[in-house]
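Given next, in structure tokens, is a single chain: the form predicted on its own.
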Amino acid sequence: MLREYDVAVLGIGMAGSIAAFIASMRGCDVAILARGYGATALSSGCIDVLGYVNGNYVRNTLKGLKELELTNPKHPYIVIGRGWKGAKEILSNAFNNLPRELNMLYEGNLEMNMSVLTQFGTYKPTSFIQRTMKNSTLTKCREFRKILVLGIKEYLEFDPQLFTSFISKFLQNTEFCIKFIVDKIKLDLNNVQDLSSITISQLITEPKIFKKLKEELCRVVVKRNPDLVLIPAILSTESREAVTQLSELESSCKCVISELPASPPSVPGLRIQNLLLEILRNREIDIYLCREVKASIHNSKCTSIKCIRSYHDMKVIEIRSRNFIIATGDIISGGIQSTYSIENEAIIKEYKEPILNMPLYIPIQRKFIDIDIFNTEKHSILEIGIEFDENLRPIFGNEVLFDNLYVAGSILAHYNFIAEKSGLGVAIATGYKAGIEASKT
């Protein structure tokens, strides 16, 4: 079966979805090919644009771009903007042209970073937070006299006592003086223990269980009399329903309630992924879920992608397109694959881009992974990726590899989303830019 499009996007995470949306808005017939539903669900649900540069906290995101150009001129923001001023313009345009549905879910801006509390008992800089989390920033928390951190007995991944112990330690040498108290509720979720946040999120969509949550919350609020209740992110994975649930809980308890960003896979991350799928379907963008894809190349052009649909029927669909966008992600999502071999009793690790076998940038040998996941100076494995020009065409040296192919998102080289707190920001900016370039005739 043969299908033809103006733009074909490989990858359905934030970068691929934004690229497809922008190309569609510019009048292109667009298809998305994906092996799963993207790694966006592994995010905290916050949109980090630029939190740190060279280990230094960035207060004003757009001003931080100037320092970023000095320390990392090959960063995706700087390359696609041809400097920090152009990067500022592209970021502004990208966020001004986000789908309306995403804008409705988020609060924040590109000017000032917020310090948002996390479920780990830490805080991190971010530019945009979901509306269900809007009172979980340090600035907002200072406005409340007494803050109750609430746990759920069946949910063992979040301990409110541990949270307050850690956050108090982190805030010890800061100007923030916030009083926390703790409590737990029991939801009697079919007598099942050790539930995940996603399972609880699904269960409380049932009226009976949501009513139980509301009653327990009200009971604790009356007992402890807090001004703000911080809860783990357990509300619906559908964004509009989550906002409605939060409003109903606040109305019943007569108290402000706010979710905390969670560890992956997270409910807020799933909210974004579900919303992206809704946006793509509303734009009538064709989505092909594939077990395997194979590319055909002719005269420095990618001419088609063969999409093998499933393990069962092995049905093949050939997608031909004028332009292609590769937004398949990094090692986490399989856009870059790693293999091991043993030579002369030494373990050799190799990395490759599996679809077009494009050459990768690999940092000079350093410790690729650190056992401390919060270490902002290591994990240089995340810097592995495809090098690119200002139009997001893949390059090797100074040579453009394909005339009609663009790359976006975490498959790009020269940035580290953990160290910089820049993951979804880079995805949105490069997805926007790739969508524009691929939609040109």
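Small disclaimer: the values here were computed from a predicted structure and weren't measured. For every residue, the number given is its place in the sequence shown, counted from 1.
One more form of this protein, predicted together with a small molecule, exists but is not displayed; see below.
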{"item": "Answer range among 399 to 407, 386 to 394, 39 to 47, 59 to 67 for contact with the small molecule, defined in the predicted complex as heavy atoms within 4.5 Å", "value": "39 to 47"}
{"item": "Candidate spot 334, 355 and 424, all three touching the small molecule in the predicted complex (heavy atom, 4.5 Å)", "value": "yes"}
{"item": "Contact label in the predicted complex: residue 23 to the small molecule, heavy atom within 4.5 Å", "value": "no"}
{"item": "Partner proximity in the predicted complex: residue 15 to the small molecule, non-hydrogen atom cutoff 4.5 Å", "value": "yes"}
{"item": "Any non-hydrogen atom of residue 140 within 4.5 angstroms of the small molecule in the predicted complex", "value": "no"}
{"item": "Non-hydrogen atom contact residue 86 with the small molecule in the predicted complex at 4.5 angstroms", "value": "no"}
{"item": "In the predicted complex, the residue from 316, 293, 297, 162 that sits within 4.5 Å of the small molecule by heavy atoms", "value": "293"}
{"item": "The single option of 381, 28, 53, 34 touching the small molecule in the predicted complex, heavy atom within 4.5 Å", "value": "34"}
